[in-house]
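Shown below, as structure tokens, is a lone chain in the form predicted on its own; questions about how it binds or moves come after it.
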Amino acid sequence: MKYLTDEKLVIVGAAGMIGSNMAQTAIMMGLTPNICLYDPYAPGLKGVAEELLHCGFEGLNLTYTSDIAEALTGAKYIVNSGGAARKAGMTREDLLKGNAAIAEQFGKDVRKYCPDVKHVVVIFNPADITGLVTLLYSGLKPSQVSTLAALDSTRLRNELAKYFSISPDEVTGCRTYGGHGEQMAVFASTAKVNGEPLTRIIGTEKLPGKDWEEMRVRVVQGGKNIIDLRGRSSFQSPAYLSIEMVAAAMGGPEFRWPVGTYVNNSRFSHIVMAMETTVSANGVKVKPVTGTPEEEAELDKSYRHLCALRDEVISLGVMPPIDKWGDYNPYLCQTTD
């Protein structure tokens, strides 16, 4: 098999459903032969490693460990799904305090054991906040840390394809920005259905306004729907999309969806949120986001919600006040324009 790189990729939280799916996806997509699985739950971790080895992959150097120092030493790419899972009746925000503390320790471990890492993807909820905490304590550049935000856009694509009974490939430009959660901003102005702008369809007999509003609710509650259907939170879709993101950071195919990234400019200040981006071997680069006045207002509302979560984490003592962030990571004092 031809690999994108031979550099070390670490899957954190590999004993879980997302982590184990990420590991298998990374192998099957040919990211790198050198994959290390990490999880503090040793029996489950060994079970995942055994199953992957039972697949009979050729040319694979698969290692696993419950020692974080061993796992991260020499790592060039990391995907972390190692937070507490969302359960029935929970929102992403319910996981805030515990997972923010996990992100703090992870960021410190990255700084200590693999300061030369090239890219880190954080996907455990609430990903906007855990990614921000990781970035702060790791000391990495904002372009080196990204979070999973694509799921909301792919869920919009899926809902439109189902509604119109067409192939998802015929639905293009689906975009949600801001927070990854029920406070996201769903942009209709970027999407097309069979080449026709979605905004021209909404409010017509093709897509009555009531149906569109119901669809928007299904999109923002897409994770809840999976829990209701399967009895557990999503794992296949976040695993695949996060590995696609890492592949792009390794210099592979373009990542087609919005990415959670650090933004600090004249409009959004000191926050990680879903934006239009490019992801390459040079990291994440933020691109301008524009929509209708109503969409822009929704994006501003989503941003304010994320700021409230960030400020709550600061009040809990997990992060210092913003004016002290430069003491931990000087890159966070720079603008991202």
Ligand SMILES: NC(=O)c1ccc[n+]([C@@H]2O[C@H](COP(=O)([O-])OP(=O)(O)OC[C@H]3O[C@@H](n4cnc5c(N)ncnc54)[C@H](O)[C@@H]3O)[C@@H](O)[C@H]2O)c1
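A residue's number is simply how far along the shown sequence it sits, counting from 1. None of these values were measured; they are calculated from a predicted model.
The protein also exists as the form predicted in complex with the ligand; that form is not presented, and the subsequent description refers to it.
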{"property": "In the model of the complex, the residue from 82, 181, 142, 258 that sits within 4.5 Å of the ligand by heavy atoms", "result": "82"}
{"property": "Contact assignment for the ligand in the model of the complex, among 40, 43, 288, 59, heavy atom within 4.5 Å", "result": "40"}
{"property": "is_contact(residue 314, the ligand) in the model of the complex, heavy atom dist at most 4.5 Å", "result": "no"}
{"property": "Heavy atom of residue 249 within 4.5 Å of the ligand in the model of the complex", "result": "no"}
{"property": "Any non-hydrogen atom of residue 233 within 4.5 angstroms of the ligand in the model of the complex", "result": "yes"}
{"property": "Contact of residue 318 with the ligand in the model of the complex (heavy atom, 4.5 Å)", "result": "no"}
{"property": "Heavy atom of each of 12, 16 and 124 within 4.5 Å of the ligand in the model of the complex", "result": "yes"}
{"property": "Candidate stretches 299-307, 273-281, 31-39, 49-57 - the one whose heavy atoms come within 4.5 Å of the ligand in the model of the complex", "result": "31-39"}
{"property": "Residues of stretch 140-161 in contact with the ligand in the model of the complex (4.5 Å, non-hydrogen atom)", "result": "148, 151"}
